[in-house]
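Here's a solo chain for you in structure tokens, the form predicted alone.
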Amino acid sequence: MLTRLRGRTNRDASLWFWVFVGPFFAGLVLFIYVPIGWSVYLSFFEAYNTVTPTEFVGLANYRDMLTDQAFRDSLLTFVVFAAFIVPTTFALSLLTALLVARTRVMQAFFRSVFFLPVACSYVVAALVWKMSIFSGMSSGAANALLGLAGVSPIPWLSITDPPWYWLVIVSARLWLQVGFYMILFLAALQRVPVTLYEAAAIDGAEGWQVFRHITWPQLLPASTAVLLLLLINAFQAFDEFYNILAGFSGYPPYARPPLVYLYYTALGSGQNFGDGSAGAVILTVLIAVVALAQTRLLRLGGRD
């Protein structure tokens, strides 16, 4: 009797598990795994103006993408963007988390203020940056401040020497994501045992010594996760680039990250879905390789 009751309980638990998880799992398969699988399949076929494969071409699409100078330039654009955004976001989010954690008055208020931009749409933020702050006219906020200092207006998005557009793109991404990673660091800081700081205070350690020997070692797992997320998000940059740099005449030939290039390859005038799918697969493999290399280098998930 007891065995039968336990078996029924387990079946009921399994049933309710699939009742709650089933719709999300079905959506994951339908909207994530199926498109990924179809994209991989499509990358081996010739597909112009259609997502239905027409002629099997093997690895020809991959060869076309790897020999395409524009695609390689897009990967270089990602490297430049990641070199700016990853260390800057990491440092600012860690510094902000440390400052908020040490605040004794209105800590919840400051935490909310710094996190609030995360709820903002990337498209909306990009348009605000483009049209209100760095509009290139004297009416823009940035040029208005420069005008007070006697500096002539700067066409932020219209010139490539110097490449002022990087300042616009990077500052927009920083404003949007620093608060999210600050929350991750704050969560990690709250898990540091208070006894460690008390022991350090007894030993006379303070300031930089406490951070170097206690806080930073305790933040290593969170730091590894933050670096991994930052790198993956840099690979996936699209909204801020497209909405800031694209205009009525189209997208300029410079500062095209991989997703912007693939967007124009698959949905541009040629609508080459075969090459676009091959480029997406190459980009996915690159993200996976970089993520695995980083986790192996930093020993994420190791037994220690």
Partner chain sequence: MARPHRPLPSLSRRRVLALGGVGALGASLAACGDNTGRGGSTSPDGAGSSAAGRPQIAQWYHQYGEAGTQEAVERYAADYGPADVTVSWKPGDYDQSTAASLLTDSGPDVFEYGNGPTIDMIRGDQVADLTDLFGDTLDDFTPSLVERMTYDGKVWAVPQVVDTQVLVYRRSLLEQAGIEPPQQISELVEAARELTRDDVKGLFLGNDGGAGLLGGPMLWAAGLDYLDGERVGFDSAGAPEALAVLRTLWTDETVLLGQAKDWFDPDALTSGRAAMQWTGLWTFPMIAEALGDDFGVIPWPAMEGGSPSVPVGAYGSCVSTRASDVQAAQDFVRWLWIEQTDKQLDFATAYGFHLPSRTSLVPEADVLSSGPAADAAGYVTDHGHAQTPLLWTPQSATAWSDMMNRIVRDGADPQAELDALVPIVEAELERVTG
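Numbering follows the first chain given and starts at 1. Small disclaimer: the values here were computed from a predicted structure and weren't measured.
Here the subject shifts to the form predicted in complex with the partner chain, a form of this protein not shown in this document.
Colleague: For the interface check, one of 153 to 161, 95 to 103, 195 to 203, 166 to 174 should have non-hydrogen atoms within 4.5 Å of the partner chain in the predicted bound form; which one?
Modeller: Among the listed stretches, the partner-contacting one is 153 to 161.
Colleague: Under a 4.5 Å heavy atom criterion, is residue 136 part of the interface with the partner chain in the predicted bound form?
Modeller: Yes, residue 136 sits close enough to the partner chain in the predicted bound form that at least one of its heavy atoms falls within 4.5 Å.
Colleague: Would you classify residue 235 as touching the partner chain in the predicted bound form, given a 4.5 Å non-hydrogen atom cut-off?
Modeller: Flag for residue 235 set to no.
Colleague: Would residue 251 show up as a contact with the partner chain in the predicted bound form if we use heavy atoms at 4.5 Å?
Modeller: Because a heavy atom of residue 251 falls inside 4.5 Å of the partner chain in the predicted bound form, the answer is yes.
Colleague: Look up in the predicted bound form whether residue 271 has a non-hydrogen atom within 4.5 angstroms of the partner chain, and give yes or no.
Modeller: Heavy-atom contact with the partner chain at 4.5 Å: present for residue 271.
Colleague: Tell me, which of 59, 30, 267, 36 has a heavy atom within 4.5 angstroms of the partner chain in the predicted bound form?
Modeller: Going through each option in turn, the one that passes is 267.
Colleague: For the heavy atom contacts within 4.5 Å of the partner chain in the predicted bound form, list the residues of 64 to 78 involved, in sequence order.
Modeller: The stretch touches the partner through 70 alone.
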